[in-house]
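Presented below, as structure tokens, is a lone chain in the form predicted alone.
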């Protein structure tokens, strides 16, 4: 958490798969944001909302702007996900200095473990750019491989003795030990299979939940999000009540699964339900800052104004996560307050770093498009007519570009309006309230007549005793 004080909402990540098995009614007047720089690295900012908490800069995939504080970002995570996220940054960013920093940290982290395959991959990518200290150390790799072979042989012998004794708990622990070994070696497919095999030997709810969390962890790295969803459900169906930390982990895993399948509303709900108890207890998968970013962006893209107010802004639990990422908190508040220029500027400043996020990078364009379209729709709602020049200023775009966006929204029936292309004015097509009221009255009359006829029919049937009575056999 302390690392995050030095960098922006960490770009989130997504595991690598190897061989795997199965608006408010008040419209914003369009005033520009002025000098509200988000990533000024210690520069003075007039607006107190824009306190600089980040040295992440804007060195996204294009490599422009200042460098991300890779070290502070990496400190948010542990285990394999830390390495995978660093490698993803090195692959996606366009700045060589950032690439080398990420590769250097990934190299150091890998040498603490036993995954020699990943070690060879990193040293190949580094080449001779970091000096002899980061060149391939074949002696170290050979020693680790020999030690791994001896450990594997020992685990297999122990497991065979467990099977001979037919003690369920010993067999379960044996499968777990073998799975842990394969996971450390980077053999994720074999780790997955052995974690799954422990299911038949689980004797308590605690064992089942731990098995599910192990399978979920590996499945996320293998990008098998169908398995993630299945095992989240299995864990939630255990008879024993889940503790808050375990429940929060499952909410995060389910949120990632929904995010990956582009079910943004469901993903938002899961992240919003995550308890603050999560803390740093799931950093081998996700950081608390990630919960705020994923939940906030998915909610903006999929929730209506009422849901945004009730489930996000007024959500005391989720506000604890948003405090870790003030940029996301402010852009949500700006969106709800119809300060669209400010909201969109926040989004643009965040975008380069979110493109380095292993879980989010594939969804950024779609989420941003949905958020922008919702902002445009809310902007037009209160007005009978809107000048496109004024609206273009509010959204920081050209009139021609705005006109194309409006055409698309009108075609999709998301905006009830028509465009005067000559005078550059958008005219709303408000419903004829008089006609709508008249139609509702007619419909009410039809329903009333139907109900009266039904009551008269029933009364006549009772009067003439034309009623079928059920008979029971005694």
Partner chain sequence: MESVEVLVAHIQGLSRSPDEVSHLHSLLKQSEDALRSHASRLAPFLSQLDPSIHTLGYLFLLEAYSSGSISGEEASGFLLTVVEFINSCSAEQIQLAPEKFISVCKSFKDQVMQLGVPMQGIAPLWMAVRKLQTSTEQLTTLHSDYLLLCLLAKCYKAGLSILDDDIFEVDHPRDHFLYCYYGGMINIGLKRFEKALACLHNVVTAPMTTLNAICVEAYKKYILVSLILNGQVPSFPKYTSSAAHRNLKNYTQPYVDLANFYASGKFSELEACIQTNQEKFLSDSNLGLVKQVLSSLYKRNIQRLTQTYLTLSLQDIANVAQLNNPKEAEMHVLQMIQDGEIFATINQKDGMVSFHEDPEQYKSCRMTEHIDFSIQRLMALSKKLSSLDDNLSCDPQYLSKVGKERQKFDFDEFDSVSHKFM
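Numbering follows the first chain given and starts at 1. All values reported here derive from a predicted model rather than from experimental measurement. Rigid core here is just the name for the largest C-alpha set that superposes within 1.5 Å across the two forms.
The following text describes the form predicted together with its partner chain, which does not appear among the structures shown.
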Taking its partner chain as it sits in the model of the complex, is residue 403 near enough to touch it, meaning that at least one heavy atom pair lies within 4.5 angstroms?
yes
In the model of the complex, does residue 414 have a heavy atom within 4.5 Å of its partner chain?
no
Non-hydrogen atom within 4.5 Å of its partner chain in the model of the complex for each of 419, 434 and 453
yes
Does anything in 435-462 come within 4.5 Å of its partner chain in the model of the complex by heavy atoms, and if so which residues, in order?
435, 438, 439, 442, 445, 448, 449, 450, 452, 453, 454, 455, 456, 457, 458, 460, 461, 462
Rigid core fitted, then: does residue 411 show a CA shift of 2 angstroms or greater between the shown form and the other one?
no
Since the CA distance of residue 440 and residue 305 differs by 3 Å or more in the model of the complex, is it closer or farther than in the form displayed?
farther
